[in-house]
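As structure tokens, the next two blocks hold two forms of the same chain, structure 1 and structure 2.
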Structure 1
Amino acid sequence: MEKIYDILIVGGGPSGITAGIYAKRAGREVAIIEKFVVGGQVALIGQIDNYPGFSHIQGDELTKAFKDHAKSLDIPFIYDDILDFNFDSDAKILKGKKGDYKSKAVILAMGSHSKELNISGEKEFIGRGVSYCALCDGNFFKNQEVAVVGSGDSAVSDALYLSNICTKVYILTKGQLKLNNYSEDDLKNRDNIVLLKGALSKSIQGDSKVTSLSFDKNDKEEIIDVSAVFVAIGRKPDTETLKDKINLTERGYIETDERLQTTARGVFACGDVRNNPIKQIATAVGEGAIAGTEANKYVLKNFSKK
């Protein structure tokens, strides 16, 4: 007999895991589908200083705590990439690379992914000096000079992390820094970080691997010799497969009501994939709690309890 879950959650980040915990504790049969790594962005960042209960905690430590909590409740993780959705009937169908999955309700918590610079050499050198995750790849460039491109918290976080293992770290920003969790003083306290404001990245050069980055500054082209370029210019939601299925904003974020239900009946959304003004771990967890609770109410109201 084909298995039908009460609730399927797409995305294993803080919001998805929290949704799963709330739904499971309410007695629903749930599973979390994750295509990459449990923890989402949290698993890929360094120190976290603004999550309540922890004055300082590493991203991978917090991820482990989230995952261990889910496992303690026997919530299964399914590793698959969902390529299409069918929300037209009571039994929602999620089509993955490895198979199809059915459920009475769905919670979308796919998060977002890194934006690209779209400059010459970027795609050619991915994996050979171009990276979108300093925590993942930084150690490959230990005792070398590297560049970080970006002006937000993620760029500063990457630069601070890299400054511990690299001899010099350049930060290139098109304009001023736009920070919420850090300040420019955090960078000034590191002797091996060089902040280049008003630097527009133009191209990445190299042979078998990255050797330099060129940029325009004050109407003049400059080149810095670096072994790696870490791109940290923001993210965009993973909602390409949801077009024409639910309402999305112009930027691709999911629109919901106050109960976090989308325009598709029985389909909810939470976390960074949703159209919300603040994208932090704390808000993702809060939204996950709401989505898990509301999805549970939906199943109880619309389906007889087995």
Structure 2
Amino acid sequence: MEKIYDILIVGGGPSGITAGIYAKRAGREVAIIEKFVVGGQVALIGQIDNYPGFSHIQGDELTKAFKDHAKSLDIPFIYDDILDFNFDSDAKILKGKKGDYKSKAVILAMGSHSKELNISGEKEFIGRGVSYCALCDGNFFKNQEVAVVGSGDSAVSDALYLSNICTKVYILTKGQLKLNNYSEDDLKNRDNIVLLKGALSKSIQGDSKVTSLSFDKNDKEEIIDVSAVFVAIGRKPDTETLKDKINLTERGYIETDERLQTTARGVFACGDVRNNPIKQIATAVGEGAIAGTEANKYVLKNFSKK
């Protein structure tokens, strides 16, 4: 007979793993489906300084701890890329590259990823001066000069945050600032922020670490000496295939109610893929706990043999 899981979790980052831990400890039969590396973005981070319980921990160490915890509970990891979903019947179907999977409840924990500049030096210096998270990595560049690339609220928020830590912060916008929550005056009020409008980033240079950023402005190439380039041109969830199945925000983040249930019954979402205001490990883990618990309640209420 075809296997039907109680709860299948898509995404083996901190949110999905936490959801798995809560659901498994509640007695459900669960599995976590991961397409790339267990640990998600955490597996790719250098040092983490803001996760409670560890004043400093390396991303790979925390990943190992998450993984060991899941293994100690016998939560299986299935390595597959889920390409499509069918939530129409009681047994929801996840269509993977390697096969189909059925489950009574589903937790979507697919994370999100930063949009990239796609300029020379960007990939090469990730973790060595190129960062997509000022909140996470800003402190590594204390008392140094840095650049933020982006023109929206998150770029301004990053620049303001970094201006408290760094000696000088350049903010490079391709065109005009596009702000909802901030104004240009917020930047002008800080002595150590330099706003470079109409600056098109071209390449990032360095040796073992970032040393400078080149850009075009008024048809002239310019270069600034910086120790870090923070890219803040937006994030992107991979939710294209969910578009017609559950409600998403304009930017593709999953909408849920307060119990983290999506607009499809029995389908929950947690972590960076959800429409939440803060994308951090602590919030991903917190939401994973809610999603795992609520999915368990859903299964018990709708499928338990009384």
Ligand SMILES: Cc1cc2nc3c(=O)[nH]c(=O)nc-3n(C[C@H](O)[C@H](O)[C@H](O)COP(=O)(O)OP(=O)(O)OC[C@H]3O[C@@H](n4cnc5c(N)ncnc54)[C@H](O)[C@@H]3O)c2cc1C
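All residue numbers here follow the sequence of structure 1, with the first residue given the number 1. If you're wondering where the values come from, they're calculated on a predicted model, not measured in any experiment. The term rigid core refers to the most C-alpha atoms you can superpose between the two forms while keeping them within 1.5 Å.
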Query raised in the report: Is structure 1 or structure 2 the form predicted alone?
Result: 1
Query - A105: Cα shift of 2 Å or greater between the two structures (core-aligned) - result: no
**Report entry** Is_shifted P76 between the two structures (CA, 2 Å cut-off, rigid core)
**Finding:** no
**Report entry** Turn of the lesser rigid segment against the greater one between the two structures, rounded to whole degrees
**Finding:** 56
Requested in this report: Can you read me the CA shift for S203 between the two structures, rigid core superposed, in Å?
Outcome: 6.9
